[in-house]
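The data below hold one chain only, encoded as structure tokens and taken in the form predicted alone.
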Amino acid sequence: MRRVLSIALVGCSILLSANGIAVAEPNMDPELRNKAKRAVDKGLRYLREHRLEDGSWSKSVGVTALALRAYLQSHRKYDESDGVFITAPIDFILKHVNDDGSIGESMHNRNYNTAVAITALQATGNPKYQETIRNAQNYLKGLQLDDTDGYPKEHKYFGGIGYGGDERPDLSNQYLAIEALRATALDPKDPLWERALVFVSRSQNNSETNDQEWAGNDGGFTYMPGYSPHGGTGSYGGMTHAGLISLLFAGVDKNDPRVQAAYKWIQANYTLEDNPGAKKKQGLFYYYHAFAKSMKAYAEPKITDANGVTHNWRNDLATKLLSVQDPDGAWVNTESGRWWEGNKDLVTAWSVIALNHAIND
């Protein structure tokens, strides 16, 4: 009897297909996935109810593009045929296309806005936006600093991309540009990628691959070479996930020492309670957003932390985001409004995008 029970229990622990072949464990708890889908629906409903008459969210090209992407890449697979809540934001974005190929309502944040705008336009799957996307690609490429701008390869800012004016380049803007150019299929042989990796590598605390004197050895990333907004040159979560995304999207192999060093930092600092290494919950939802994208890009369903505990990152992320969603469907950083995290439109869009990455295998 005991043997029969034991065999039965073993059998219950294995998922079988109709023909009796073992099936892999799902990447996400099915019940939690369903709850996450409902949370996405609530978040999208919030966004729909708070879209402005001009088709935008917060009168911002960047926020509008992120909210549009949240819809297009959700489990509902919305598209332009679904109506004005998709077409009006697209029209708003297109009204802000500039002669130089950039997309934005002002000179501020021009790289950020252009990058997220073409990522959203690409997600529509509509070929009529390809000319706009190509022109924007060229604009983003033109922002990259190199020797033609007076930055030889030896300079710490070589290969970097900033906000789009005369500002210093930073890893946050760099990762968004890299993500956009990858999403819009920029030629992998384009020299932009090699130059970009010089700047990305110089933003990592990994002296093996970073030629800057300040570099430490924890494997994490900071905001720009030699600087962190949280003090000194310390690594922190949002930028380490941005750095990992940048490396992978620029074509670096998972076994590369830069990738492995970044992943080890993430293992050693694994948490969804805060943005590790940052001050007072600053950049918390930026962190969740980047966390979801980097974990998806790294393509491992589970991660083992420094204490040897194995985590299903999708389950952990969904559980956390569900626990902090407002009753009206929105998300907002209640502990720090720095970097626009007091803006419900932006933070809700980021959170839905993060959940989309978890839900969609």
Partner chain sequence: MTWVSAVWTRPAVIEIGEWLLTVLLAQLTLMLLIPATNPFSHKALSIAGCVAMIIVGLLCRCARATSPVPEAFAVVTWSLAMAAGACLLIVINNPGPLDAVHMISMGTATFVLAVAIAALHQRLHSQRNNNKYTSRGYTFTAAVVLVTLMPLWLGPWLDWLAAGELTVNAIVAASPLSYLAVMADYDYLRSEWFYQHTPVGMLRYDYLPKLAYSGGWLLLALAALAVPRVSAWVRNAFNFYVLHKARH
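The structure displayed is predicted, hence computed values, not measured ones. Positions refer to the first chain, counted from 1.
There is another form of the same protein, the form predicted together with its partner chain; it is not shown, and what comes next is about it.
Partner contact region in the predicted bound form: 104-112, out of 104-112, 178-186, 247-255, 202-210, criterion any non-hydrogen atom within 4.5 Å of its partner chain. For the candidate set Glu80, Glu167, Asp91, Asp274, a heavy atom within 4.5 Å of its partner chain in the predicted bound form is found for exactly one residue, namely Glu167. Only one of the listed residues (Ile266, Leu140, Ile118, Met224) places a non-hydrogen atom within 4.5 angstroms of its partner chain in the predicted bound form, and that residue is Met224.
At a distance of at most 4.5 angstroms from its partner chain in the predicted bound form, all three residues Lys156, Tyr163 and Arg338 contribute at least one non-hydrogen atom. Shown alone here, Pro229 lies within 4.5 Å of its partner chain in the predicted bound form, counting heavy atoms only. Contact check for Ser60: a heavy atom falls within 4.5 Å of its partner chain in the predicted bound form.
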